[in-house]
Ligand code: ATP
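Quick setup: one chain, the form predicted on its own, written in structure tokens, and binding and motion questions come after.
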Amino acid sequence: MNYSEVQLNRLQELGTPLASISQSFETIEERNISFQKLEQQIVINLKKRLEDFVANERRPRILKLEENISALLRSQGFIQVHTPTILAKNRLEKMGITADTAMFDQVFWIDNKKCLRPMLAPHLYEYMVDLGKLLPRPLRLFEIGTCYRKETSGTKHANEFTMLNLVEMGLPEDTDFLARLKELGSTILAEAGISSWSMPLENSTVYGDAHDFIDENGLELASSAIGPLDMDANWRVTENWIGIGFGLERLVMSASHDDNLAKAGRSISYLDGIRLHL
């Protein structure tokens, strides 16, 4: 026999990957003694991690990563912007997200004209237009902010998550756009501590055929796009551009080899991936 369902739930609650538990027992007593020892050791380890966190870092990894990426991109000529969390419905429609699309059902609506943004791109498009009238090329922009989607439950999704979107517009026409995407993506992934990744071509519901950034375990870390696209006419954008959208929780999850996105995201149950309900 293996651990009981209640025991497995407790181990999972403490953040123990169930795939790593493979012991079997002859008797219930043997099983229970083993469980008590294992639970005790896990709690000791978590308390030690918490002590180290309080004594040293004092901020979650995702906040440190956000600060480091922001400083890195600014040093490379990117302008950081800070846009509203509330998004107008007509801007979502300009992205091709209408009532007959799957993503429309994932949106948290405030009323019939406004929603919590499911992505950062619509407001970045506005900046591309307005700053594009004022600044020379190439125009480099980025934002890091919270987005919201009605995601299905699971270890790789959350209703509330942090996105990094970066865009370069008006690059020289002889630019190798795919190579530039790869260069920018590798810069962010290196800053996150991720060295093994690939860049397959996938189909995006918003951008069509686009290259994703995937880690060695198949976890999607980012998606990218090369414009102009057909929908750019909705924004009066006519120049070339490249853009990448990263999920910061997924970057932390991949770099730390965690098995649950909740450990990296906004939480009152975890602090920097350390379970608090001990």
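Residue numbers here begin at 1 and follow the sequence given. Please read these numbers as outputs of a predicted model, since none were measured by experiment.
Another form exists, predicted together with the ligand; not displayed. Remarks below refer to it.
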property: Every residue of G96, M128 and V237 near the ligand in the predicted complex, heavy atom within 4.5 Å; result: no
property: Contact residue in the predicted complex, from K182, H157, R140, R91 (heavy atom within 4.5 Å of the ligand); result: H157
property: Partner contact for E151 in the predicted complex: the ligand, 4.5 angstroms, heavy atom; result: yes
property: Touches the ligand in the predicted complex: M163 (any heavy atom, 4.5 Å); result: yes
property: Contact flag, A222 vs the ligand in the predicted complex, heavy atom cut 4.5 Å; result: yes
property: Any non-hydrogen atom of R250 within 4.5 angstroms of the ligand in the predicted complex; result: yes
property: Stretch in contact, per heavy atom within 4.5 angstroms of the ligand in the predicted complex, of 171-179, 108-116, 129-137, 143-151; result: 143-151
property: Members of 245-278 lying within 4.5 angstroms of the ligand, judged by heavy atom, in the predicted complex; result: G245, F246, G247, R250, L261
